[in-house]
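A single chain, nothing else alongside it, follows as structure tokens in the form predicted on its own.
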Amino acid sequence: MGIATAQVCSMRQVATMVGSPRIVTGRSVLHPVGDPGLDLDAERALRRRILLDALKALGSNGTRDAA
């Protein structure tokens, strides 16, 4: 057993190919956990959603596409 991890990325196919057990879809290739084009409140909401998805994935049993 090891430390549970969740990979946040925008290219799910690549994460699947390398065998990531928990994959969380990010926003874009350049900014997977944010969007500099959004206003401050929308940016915070987006980051919060991605973080909560990652925490949910960490609580899963490690199957692919957990969140």
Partner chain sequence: MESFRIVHYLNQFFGQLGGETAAGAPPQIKPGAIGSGRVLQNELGNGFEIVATALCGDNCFADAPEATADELVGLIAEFRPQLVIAGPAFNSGRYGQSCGMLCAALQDRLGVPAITGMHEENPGVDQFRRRVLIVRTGATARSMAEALRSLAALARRIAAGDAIDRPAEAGCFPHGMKRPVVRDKTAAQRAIDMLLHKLAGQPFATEVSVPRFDRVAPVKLATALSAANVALVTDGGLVVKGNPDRMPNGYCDRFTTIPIGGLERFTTDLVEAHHGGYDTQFVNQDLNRLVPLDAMRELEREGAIGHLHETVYATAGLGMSLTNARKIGREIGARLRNEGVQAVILTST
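Residue numbers count along the first chain shown, from 1. Predicted, not measured: the structure shown is a model, and the values here were computed from it.
Separately, the form predicted in complex with the partner chain exists; it is not shown, and the next lines address it.
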V33 versus the partner chain, in the predicted bound form: is there a non-hydrogen atom within 4.5 Å?
yes
Within 4.5 Å, heavy atoms only: does R12 come near the partner chain in the predicted bound form?
no
If you apply a 4.5 angstroms heavy atom cut-off, which residues in 16-35 are near the partner chain in the predicted bound form?
T16, M17, V18, G19, P21, R22, V29, L30, H31, P32, V33, G34, D35
